[in-house]
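To begin, one chain is listed below as structure tokens, in the form predicted alone.
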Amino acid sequence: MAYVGAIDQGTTSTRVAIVDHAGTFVGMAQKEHAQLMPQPGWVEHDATEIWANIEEVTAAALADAGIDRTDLAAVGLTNQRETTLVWDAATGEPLAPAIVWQDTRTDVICRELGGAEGADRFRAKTGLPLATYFAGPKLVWLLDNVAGLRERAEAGEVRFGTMDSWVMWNLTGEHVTDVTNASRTMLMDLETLDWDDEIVGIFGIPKSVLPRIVPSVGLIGRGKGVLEGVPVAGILGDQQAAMFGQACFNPGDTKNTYGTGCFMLLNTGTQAVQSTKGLLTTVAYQIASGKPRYALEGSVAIAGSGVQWLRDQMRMIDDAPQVEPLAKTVPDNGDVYFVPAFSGLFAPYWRSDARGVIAGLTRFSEAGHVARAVLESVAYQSRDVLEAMEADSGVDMNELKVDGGMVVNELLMQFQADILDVDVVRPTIIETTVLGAAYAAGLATGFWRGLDELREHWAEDRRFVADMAEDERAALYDSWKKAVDKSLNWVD
């Protein structure tokens, strides 16, 4: 068996990759799923559609590689994190649409749970502030708002999970989640790596609905259907998978993934560093029988989805790659700034009252300035996160590994290096999320011998070096901060 499979169940699509021993993709297939937005602030997915897509895309990836399932040593999974769903314990039928991580309907619940102690009430145990981002409050909303769900949950008839649990239920019959996904629920203690009875009780969640927590790297079960009999041996939340695929195994290693959102993670080793600057403390990964590795994370809600907004709502471009040539029609941003607070601002602000703003418009402004402002907003948000990360960790970064679909945009990557004043390093394989899932499964089953072997597969494609005067960098960032101020206090 010469290959490993990896399922990457993302926010906008599902893809499956077949990877050989050299870490090269030999087969790939991908399919988008619907984004359901029934009212402002709500974002939902159809879990049944997603599972059907996984089966279809898996078969297509095997066909693309010219192999069948018997050629696979193992398969791993990576997934959109925090997206929350519930299903019937007997039939596996979803009992409500999945609530996506971007959804803000739990704002009132989060404020009520915080009480007099506020957003940091559970941070010491969970590493997270109370925010609409996380899965626990989403589950509370479902229990309180789906007719009969709480009664059925208390009777043991309901199962809860983030997207990894849903896929594993269908793929292996096991009701599990791994430590990286569990650390995004606000229900797991970062030290014990188990559900915290006190927090679960405060949230009013029947414990019977919760999945079993397992290490990220280790055998979970065997596949069914199109993956009949294949060992399923790894689960990582998408950003932790990208970190794994970037071979960020040492304390201080840092990566930034540019996808639907933008996510910077710093490996802090076996220490769970508590943030005082608006970052998240999260589990980076755990290899079976080993100690967990932790990370500091800065989460930005809108990155690539800002370009999708230009395409789908504003109709300024027909395809996402057109944003770069449009932005290049102007020499600079023309003093136009875009704050993409469509669902509030995530790290380091955590302001659910913020909404999107385009600031600095004049009669001189044109489409190119807006396109450039959308791209630059990703880089500015990443600087917000990097400054918080350096303050929390005491590490002065001189390079940042980058991955994800947006890193092919060289205008953005150069501006990112310029506004951060650090080297931005793009690897030869930019789809490191799905690669990380493959690495986890292969490591668990002996397909790869250890982390050193995985490090050998990483290779640099291009290094973007800062080429901007400090006074210009400071002036641009100062204007960005003014634009952010304009976005705040929009929603009561």
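Position 1 is the first residue in the sequence shown; the rest follow in order. What you see is a predicted model, and the numbers here were worked out from it, not measured in a lab.
Below, we refer to the form predicted together with a small molecule, which is not included among the displayed structures.
Partner proximity in the predicted bound form, defined as non-hydrogen atoms within 4.5 angstroms of the small molecule, places exactly one of 477-485, 464-472, 21-29, 8-16 at the interface: 8-16. For the marked spot (G259, P321 and V408), a heavy atom within 4.5 Å of the small molecule in the predicted bound form is present in each of the three residues. The partner is absent here, but in the predicted bound form a heavy atom of G304, alone among P129, P292, P211, G304, sits within 4.5 Å of the small molecule. With the partner removed from view, the residue among A98, A135, L375, L266 that has a non-hydrogen atom within 4.5 Å of the small molecule in the predicted bound form turns out to be L375.
Interface residue remark: G368 is not counted as part of the site for the small molecule in the predicted bound form, having no heavy atom within 4.5 Å. Looking at Q274, you'd find every heavy atom of it more than 4.5 angstroms from the small molecule in the predicted bound form. Not displayed here, the small molecule is kept clear of P94 by more than 4.5 Å at the level of heavy atoms in the predicted bound form. Mapping the unseen interface onto this chain, Q414 falls outside it, with no heavy atom inside 4.5 Å of the small molecule in the predicted bound form.
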